[in-house]
Every structure is written in structure tokens, then in C-alpha cells.
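Presented below, as C-alpha cells, is a lone chain in the form predicted alone.
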């Protein structure tokens, strides 16, 4: 049982839902990213998603696109990000770290990708544009190293496609709560809740909801039908307001947001 499985198992036993954060490695710089992630962990975040900067993040809204642009200016490589994650995992081995990026992010390591992820204690991988034909092989190679392949399901995913995704996923499933990009306004509806519950009936994997969760009220509503929520744009927006010289102020603001979200889904 790896770190992701242990977290969800513990949460279920304690009747709690997962709070998952997303921030971009290198925004505003790599040292600040490490401090931000450590702050999330100290604030009680259950799972950390780390965005790998990319020049064309097609699934992202304006806030996260700008975050990618800020990070890319720092010329950060995937190896730099892996080293940052490894340092954090040495101090917090039980907190899962999941890398989220695009295929081109990971191609630089070629076949070394899987061993490098294991070496640097990465617990899961989300590849936004992973072709379905490659997902089974990716799942096999990642699972061999004890790493999960987390897949995305959207409101437009057909039932046939959902079944295929479920068979090539591990760790947890990430349900995109709206049609559009990250940061769009989320309207919690009966249809959305029914969709999430329908997916949960088809799998033993936890199902978390992300995209558009911008406050504790929305997080609470989505936690009723899911196993957890992912919050990204709200945090990236806050990070964008500060420079690395103001990291103490930034982390106080982020801690306040995390506290409100945790209270919402408690």
C-alpha cells in the first residue's frame, strides 16, 4: 500500500475528505515553491499536486497559465522539480506528492522517467494529454515502481470512455467539475453530483473533484458527493500577488485559505 492509498484509507476510517492542493513548481521561484508546499503540508493538506511548467498548458485557465509563464522564466527543468520534491519527501514521507503536467514535460527523461520518479519518491503522475492508447503501458510501468497513474474524467467523457479510463487508473480519479478550463466558475448542480456518484459506483478508487473550487462553501458542497477536492487556481492567484521576498506574508495568506477550506470539508 503506497502513500496515496494510505491517505485515503485513513481519511475513510476517520470519515474525512481529502484536501488536495495544486501549485506550480517555480512560481514565483523554485525555493519559494518548496516553502509553499511545506507550508501546505504543515497546514494539514492531505495530498500535494505539483504542476510542471509547460509552454502550452491547454487545460488551464488564465490564472494558472500565467503561473506557468512565471515559472518558465526561471528556466526550471524536470530534474530540478524532482530534486525539490525529493527534499520535501525526506521530511514528510507520508504526504503524497503527485506531479501534474503534459506529455512533453516528461519526454525528456524517456525510459528513465519511471525509475527517476521512483528514485525521487514521487507517488503519482497526472498527464493531462496522455493518449488512451499509451495509458495502459504507462500504468503498468508506473505501478511496477509503486507509482500511481491518476486519470482525468470530464463532464463530456462518454460512459464507454469512463469504463476504459477506470481500467487504466490507480491512486484516485480526478473529476473535472466543469466544461472549460481551470479557474472557471463552478456551479454545483444535481447533474454534477449524480455524475460523480455514478462514477463512484463503478470503481473502488477514490474520486476527487477539481476545477472551479474557489471557496470553502463550494468545497463543502463538492465534498458531499466525492472523496475530496482539488484547489488550484485560488492558490495560484494568491501566489501571483507576492514576490519571493514576501514569502512570510504569502504563506500566512495561503495558510488562512487552507484553514477555511479544511473547515469547509470537515
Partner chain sequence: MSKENYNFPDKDGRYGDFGGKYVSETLISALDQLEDTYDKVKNDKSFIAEVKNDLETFVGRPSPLYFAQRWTKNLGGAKIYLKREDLNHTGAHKINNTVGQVLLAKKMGKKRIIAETGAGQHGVATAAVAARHGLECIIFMGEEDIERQSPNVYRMKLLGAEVCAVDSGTKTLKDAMNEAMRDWVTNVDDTHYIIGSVAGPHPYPQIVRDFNSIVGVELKGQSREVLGRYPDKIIACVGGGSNAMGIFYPFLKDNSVDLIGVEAGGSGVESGKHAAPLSDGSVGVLHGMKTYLMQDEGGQILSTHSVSAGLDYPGVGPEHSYLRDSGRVIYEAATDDEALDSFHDLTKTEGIMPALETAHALAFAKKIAPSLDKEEIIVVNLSGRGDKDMANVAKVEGLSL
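Rigid core: the largest C-alpha set superposing within 1.5 Å between the two forms. Residue numbers count along the first chain shown, from 1. Quick caveat: nothing in here was measured; it's all calculated off a predicted structure.
The same protein has a further form, the form predicted together with its partner chain, not shown here; the description that follows concerns it.
Within 4.5 Å of some heavy atom of its partner chain in the predicted complex lies at least one heavy atom of residue 105. None of the heavy atoms of residue 31 is located within 4.5 Å of its partner chain in the predicted complex. Among heavy atoms of residue 167, none comes within 4.5 Å of its partner chain in the predicted complex. Contact between residue 193 and its partner chain in the predicted complex is not found at the 4.5 Å heavy atom cutoff. Annotated contacts: 41, 93 and 119 are all free of its partner chain in the predicted complex [non-hydrogen atom within 4.5 angstroms]. For its partner chain in the predicted complex, the listed stretch (33-41, 202-210, 55-63, 232-240) containing residues with heavy atoms inside 4.5 Å is 55-63. With the partner omitted from this view, the residue of 74, 154, 115, 143 that lies near its partner chain in the predicted complex is 154 [heavy atom within 4.5 Å]. Think of it this way: in the predicted complex, its partner chain has a heavy atom of just one of 100, 139, 150, 130 within 4.5 Å, and the residue is 130. Core-superposed comparison between the shown form and the other one: CA of residue 91 displaced by less than 2 Å. Comparing the forms between the shown form and the other one, the C-alpha position of residue 107 differs by less than 2 angstroms, with the core used for superposition.
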